[in-house]
Ligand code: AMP
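Listed next as structure tokens is one chain, alone, in the form predicted on its own.
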Amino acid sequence: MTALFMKVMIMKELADLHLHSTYSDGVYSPHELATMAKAAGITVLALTDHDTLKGLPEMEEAAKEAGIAFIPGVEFSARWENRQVHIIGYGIDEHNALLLERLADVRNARRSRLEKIIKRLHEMGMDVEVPVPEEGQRAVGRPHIARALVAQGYVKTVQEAFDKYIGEGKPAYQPQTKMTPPEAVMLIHQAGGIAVQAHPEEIGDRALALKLLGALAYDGIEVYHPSAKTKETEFFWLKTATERKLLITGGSDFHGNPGRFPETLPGWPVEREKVQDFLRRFGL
């Protein structure tokens, strides 16, 4: 990305509606994310940690201090027809009892899976030690293991850890019990939120993604995302959202992992005007 392009982008107001913090599998705390976002020219952001709402109060406070508009969110880890399907809920009631109970179940499943992957790595001769946060404090995930593999010299980057050992189909991979897309959409709506299909291209099956969009009561599609690597891909999902009268969102999916794109903010900028119809739902 050239310096001139970055200058032009920063002159425009930017949005990032897909960020991860240390409350799930991100590297940076909410306050650190807010500081970085402000420096990057981001004027509205959403924290969408995996399967947890625990970082939202801190993120709301940090965004307010930085003068950035904030939308509460959560990214659900679902599975359908042997494919990972991630769904983001925006504007959810953070105190909704059913939502909190179900997310706790999912986090417990994450922790169990983490232990199985670590055991498998040990069996493969990698005596990796993974600093697991206290029970109930973080939504643990494979990036925690990947970063430990990097820190202890087994791989050079987080991406290499996924590609060689812990990605789907790799030697140490372990499946995780997850909720279904219909359940995720239901939970979001009953908690007063907006349900958005996250990075549909990452499902790896456009036909399945379109099938889900037709069958479930989605409110929007994450059109602008690093997985839309070509203009053709981006246009496909933009056209799909427009034809189906679905809201258009976008975000960097920033975790802060070295070697995993994007590594910085705004390493993958989204112009605020492109997601303005969505932002109006929140009075922004």
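Just so it is clear, the structure is predicted and the values come from calculations on it, not from any experiment. Residues carry their position along the shown sequence, with the first being 1.
Heads up, the form predicted together with the named molecule isn't pictured, but that's what we're talking about next.
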Is it the case that R142, F162 and R260 all touch the named molecule in the model of the complex, with a non-hydrogen atom of each within 4.5 angstroms? yes
Only hit among A172, M179, V158, I194 for heavy atom within 4.5 Å of the named molecule in the model of the complex is V158
Note: the named molecule not shown here; in the model of the complex, the stretch from 208-216, 184-192, 88-96, 107-115 having heavy atoms within 4.5 Å of it is 107-115
K54, heavy atom within 4.5 angstroms of the named molecule in the model of the complex: no
What residues of 34-53, in sequence order, lie within 4.5 Å of the named molecule in the model of the complex by heavy atom? H50
